[in-house]
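Below you'll find only one chain, the form predicted on its own, shown as structure tokens.
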Amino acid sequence: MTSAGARRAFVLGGGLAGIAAAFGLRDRGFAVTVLESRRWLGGRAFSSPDPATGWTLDNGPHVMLGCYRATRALLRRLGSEHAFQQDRRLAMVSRDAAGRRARLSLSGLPVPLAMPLALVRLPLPWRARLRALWGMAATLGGAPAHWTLADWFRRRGQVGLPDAWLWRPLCRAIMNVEPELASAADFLATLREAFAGRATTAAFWVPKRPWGEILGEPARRALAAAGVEVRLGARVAALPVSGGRVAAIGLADGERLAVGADDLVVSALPWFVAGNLVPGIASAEDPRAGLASSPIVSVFVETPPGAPPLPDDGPVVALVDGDPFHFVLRTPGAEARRFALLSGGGRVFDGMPVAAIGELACAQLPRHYPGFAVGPGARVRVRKEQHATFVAAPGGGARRPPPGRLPGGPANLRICGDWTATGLPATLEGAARSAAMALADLPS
């Protein structure tokens, strides 16, 4: 239990970064209160019931990699690391618009040794395979901060088939934007981390349960057991500053929480909130200064009983030149009739009715799976997450302050979140690492 004389800490936001920060502060002896605006924990990795079908649907599929060490450590603390299919090596199938398949499958060797062998086995023309092999070697060199990933493609000879079959699917999975918008430096840094070690570091970790059962509910229980107070439905509306310190936390319902001289405030708010609230952060309302958001749109499908099922190529399938959907995903252990299509980073769905989105998804499938059709009686549900990730664009480092105290900002305020300068794009791992980085100067 917290001692009566412990320093207080307020964590603003109950997403993955906020949960990790709350544990880190509690481990250092703080009396911790988490303030979360929604009625659940988990931030943008959450699930909710669908009344029409009875399904529990994620706001968007979130797949991890084996190299997500900080995220895995947090999940172990929550007791939910087991809720994933934990592959031992990378295996991903791609399908093009003619239904042709390619499987990028690594052996159990360390990735730097396994990747060249996997690339030369791809069913592509030899010249394209050799260019892809050269491109993978070129990832070790990084890229200038002002290059987009599309710039890197052109300068490293990766246009055409290597782009379509290898790099563009990886960019969409890692960055949630097209290569023309993505920072080459951020993409390559993440790729090096995943592909520089053992086979398990590059492997997919696909959730077998909804994210509310993996993150939100386990976090609520574990934080309570650790003596952390969690206040749900507590939206922070103001952070008045006096004497160079955050003096109070104003909530939307009019409540005002006094912040004492020895108290600490840790903002784990997302970029689109922090920019309008946290002193010293660029406003999200100013497109020249704030970070842009990138959406994820997911269409969950269940085909009718007795209908021919969609071919099962594994939990993650990249749709080469897919438009507007880029991936087919399956939940390990779920019914064969159920799968999801995902579109990342596109704005084509803005303002589009969900029924029309579902129709687009069903119409695209036969292009990649010839002979398959979503017949009458299929159940189709749509989820749209407008702020799924920020856009990690070239030069975006100036808009991503390091986790911790803001230069010139309030002395008792620290920031964290996947959007801060963690060295990674918008990933679960970036969120988890940011919390540790923000608290690194506090005594353990």
Ligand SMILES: Cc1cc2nc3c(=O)[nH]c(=O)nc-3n(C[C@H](O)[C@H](O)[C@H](O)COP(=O)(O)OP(=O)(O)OC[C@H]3O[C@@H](n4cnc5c(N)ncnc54)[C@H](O)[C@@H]3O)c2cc1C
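Since we're looking at a predicted model, the values are computed, not measured. Residues carry their position along the shown sequence, with the first being 1.
Keep in mind that the form predicted together with the named molecule is not shown, yet the notes after this line are about it.
Check whether residue 236 has any heavy atom within 4.5 Å of a heavy atom of the named molecule in the model of the complex, and answer yes or no.
-> Flag for residue 236 set to yes.
Distance check, residue 35 to the named molecule in the model of the complex, heavy atom within 4.5 Å = The answer is yes: residue 35 has a heavy atom within 4.5 Å of the named molecule.
Partner contact for residue 57 in the model of the complex: the named molecule, 4.5 angstroms, heavy atom | No, no contact at 4.5 Å.
Interface membership of residue 70, the named molecule in the model of the complex, 4.5 Å heavy atom rule | Residue-level check for residue 70: no, no contact with the named molecule.
Which of 62-70, 49-57, 398-406, 372-380 has heavy atoms within 4.5 Å of the named molecule in the model of the complex?
-> The contacting stretch is 62-70.
Full three-residue contact with the named molecule in the model of the complex, heavy atom 4.5 Å, for 44, 428 and 431 = Each of the three qualifies.
Among the candidate residues 91, 277, 161, 133, which is the single one with a non-hydrogen atom no more than 4.5 Å from the named molecule in the model of the complex?
-> In short, 277.
The unique member of 361, 296, 106, 320 whose heavy atoms fall within 4.5 Å of the named molecule in the model of the complex | Result of the distance check: 296.
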